[in-house]
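One chain comes next, on its own, written as structure tokens: the form predicted alone.
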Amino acid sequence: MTEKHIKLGLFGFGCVGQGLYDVLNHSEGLKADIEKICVKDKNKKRKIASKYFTYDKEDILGNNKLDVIVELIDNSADAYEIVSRALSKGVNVVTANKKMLAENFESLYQLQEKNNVALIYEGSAGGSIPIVRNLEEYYDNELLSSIRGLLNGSCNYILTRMELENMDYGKALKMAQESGFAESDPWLDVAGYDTLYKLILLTVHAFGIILKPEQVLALGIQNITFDDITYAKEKGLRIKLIATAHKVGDKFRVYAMPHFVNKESDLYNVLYENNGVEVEGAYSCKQTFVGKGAGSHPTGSAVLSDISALTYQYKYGYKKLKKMEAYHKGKVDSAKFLDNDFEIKVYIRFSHKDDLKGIEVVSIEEEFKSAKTNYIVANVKFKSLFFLKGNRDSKLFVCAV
């Protein structure tokens, strides 16, 4: 196919938007120009001339000469309006907004199909790792059994600083924010939601099922202390926030939560803001992808790759999803394939026994009590952990063993 010269309209000029601008201007061979950049803050100082900016979204959405709209803003509701309007007009879209994608995937998929248009989002999951396209193209006919990985550079950065530099959680979080790896409001990162949204996207391409954020468990690292880091060190383990989707029989167990990881795991030495994704299949066995998972230029490079792909008329085929639809003769009710009814072995650090109310403990394998800290290692009913999801009042730290 012949590469074409494309005109871009860009929404957002924050960390990723500026990263895209930089890598695009240093790209060799890609024929693409940013015609206009839509931003909100008229008073913010920016590193390029004001003539490139607009404060009216219609200057981009109403411009019929644009080939691609690139959406890189924070607000998921505004992002959905931008993306859905562009797709409805038949304009190709590149986005890195995992929250918007995960919350609206079904409707966005239908818009792509209805309007024969491309929505590409490599930069939304895994930072600079080309995991979405690999799942979609390389593993399209592979019988995958599992994907698991570190999908949030902010959390991995914090955990690494705490373990290797004896830094407390608050200071490590502040440094992540100062380095541009975490937002000023880091809740979505540290509570596991960012990892959850990315996991939902990977699950579509790996297994062909569309899950909603409310269906999937997400637990974070917001309550972690040095006591938890010390426990892991004593066992020769590291704590990692891991996204997991694996097939058990004809169902899937999908969740995001902290895990203890041993030295034999490929994810053990994935440190600081790096991401790592393990993909395991019946024939390809296990392969691990590692790369920068946060930061302006790594994510900007992933967005640039998507723009480059569009110059060759690339679009996702959603091969696994369409195979599922064909097999079940229509829309698939993914809830039927989701297994939340199983036992999981976890470490739970708590202050008072009452904090454990709501968790269905099947058996306790290890228990420790002191004036400073208390913990148990127990087998619990997985679905009973859902009350902790997004619970800002809970002080529990839960980690899969």
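Because the structure is a prediction, the values reported are computed rather than measured. Start at 1 and count along the sequence shown; that's the residue number.
Below: the form predicted in complex with a small molecule, not depicted.
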query	finding
Answer range among 110-118, 248-256, 182-190, 204-212 for contact with the small molecule, defined in the model of the complex as heavy atoms within 4.5 Å	182-190
Residue among Val132, Val93, Ile221, Leu151 with a heavy atom within 4.5 Å of the small molecule in the model of the complex	Leu151
In the model of the complex, the one of Leu196, Ile147, Ile239, Ala294 near the small molecule [non-hydrogen atom within 4.5 angstroms]	Ala294
